[in-house]
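Structure 1 and structure 2, given next as structure tokens, are two forms of the same protein chain, each shown alone.
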Structure 1
């Protein structure tokens, strides 16, 4: 993925989102009972009275000055609304990514090294079952089990202080990690099987290297390369999943800001948050490209 054209495309798409609103967005925001004067004022505030290329220029100009416009509902800059909430969402994504690695890599390795044996079938069956599991429902069920019955974690809310927040984020992060686990395990397993079947592994074994050395030096290193890319793609999906998970666990992050703004018809905020999410994905993919290049001499030399 080449980042620059994608970035440009993402900016154009988020700009065009407002065009999808049937009729005049200002009328949509204010409701049918608003006076024509109020509608005109908001139309001007949103810049909708100008030709579309000028609106786009205004939007671009704002982006270069880290300005995503003003919230209609909160009457404050969208950027500051995002800034106060992005930390919690970032922490949730980071914790969930860590969980997903801890959960999926050993299971995929177990399945790949025991291909077509009971442990492989068990891992595949469980991950297939997980494909049909809705994230938000899994969250509620986890809340019922570990919050309501066992009292290990809070059912909702974000706690206070560093440890309080961390404690409150464990269930949501686990939920986000489990949501991508099925797909991730299935693809990691296939990637590892490819490596295990490769000629250089047979060579390493044939020349009498010890089993653990073959696994650590040859299998892990080579399996890591496609795994990093797979992880990045799935973390991109995971980031989207946190929108719903924040709602389930009542966390005041970016996702909740987005959903509340949908309820408030606060279009500039929805646009801004959507853009930030897409930027986060682009950054994650870029990092994975760089890591892959570090790990794989073939990519580095190209």
Structure 2
């Protein structure tokens, strides 16, 4: 139920903030050499001369009818623009989330099971270094190494076909995963250290279970419970961070659409993309709650 007030807040705040941004969308569309009469005519045509409350009511009426309006700059429905680009951004976020889990779990397990040993110090040092790396800088470095020198992946573009797109998304997804992995590694390591000291872990070892089985079945599963929520928060952060990643790797997704629309003062597109981002974050948080309930029987009992 909390999703409804969150969405309402996003809708209201986005609408009001856009009206506070300097610049007239009509002027952006017509160019700097357009006459004042032409700008005023387009402003009236777009309804931007009406009171704020009337513009907001018209926007809400469109939302209730599943209509996000028409783009001022692209001259096409906002729903169509989002539909053509949302797949690429969703694939990027999904692949980055998978990479972050693949990176986090082995490194956190290695550090926790070898506490205060060289491998633990190495993992902690790498994660600490990763916390200070800007995403755009990391993307440039990965592009230079794996794209320009090794020629393993393209440094820009989104490819064609399923496998071509997947190949083109590996570097951007890896960049996004490396940006959030340090926080997850440190969190999961602490959680695993707490679990390793529990009595049931000592019992499992006393039964003669193999070390890898104890680590995967008992330690990782129980330590993942608090880390799942942190992963969801970072994925939510990653959804917004795709704006930077798509610019670095020249991907034509929702992030690029959002950035271009901000520059063009395209209010309907900005509002539509922001709403999609908000819905995506809510869905991610909901999935994390369901996964937490699956991992922790105490949540299901409550």
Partner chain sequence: MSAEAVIGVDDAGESIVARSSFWSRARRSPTFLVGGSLTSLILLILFLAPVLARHNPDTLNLTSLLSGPTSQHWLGTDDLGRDEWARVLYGGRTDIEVGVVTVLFPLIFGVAIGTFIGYVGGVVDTIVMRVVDVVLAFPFYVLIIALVAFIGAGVHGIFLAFGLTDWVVYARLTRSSTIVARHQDWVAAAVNGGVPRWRVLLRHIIPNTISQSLVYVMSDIVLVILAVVTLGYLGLGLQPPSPDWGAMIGEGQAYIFTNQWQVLIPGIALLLTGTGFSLLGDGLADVLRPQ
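Since we're looking at a predicted model, the values are computed, not measured. Each form is matched to the other, and the largest set of C-alpha atoms that superpose within 1.5 Å is called the rigid core. Numbering follows the first chain given and starts at 1.
Of the two forms shown, the form predicted in complex with the partner chain is structure 1. With the core held fixed, the Cα of residue 16 is displaced between the two structures by 2 Å or more. Once the cores line up, the CA of residue 59 ends up 2 angstroms or more apart between the two structures. Relative to the larger rigid part, the smaller one has turned by 8° between the two structures, according to C-alpha superposition.
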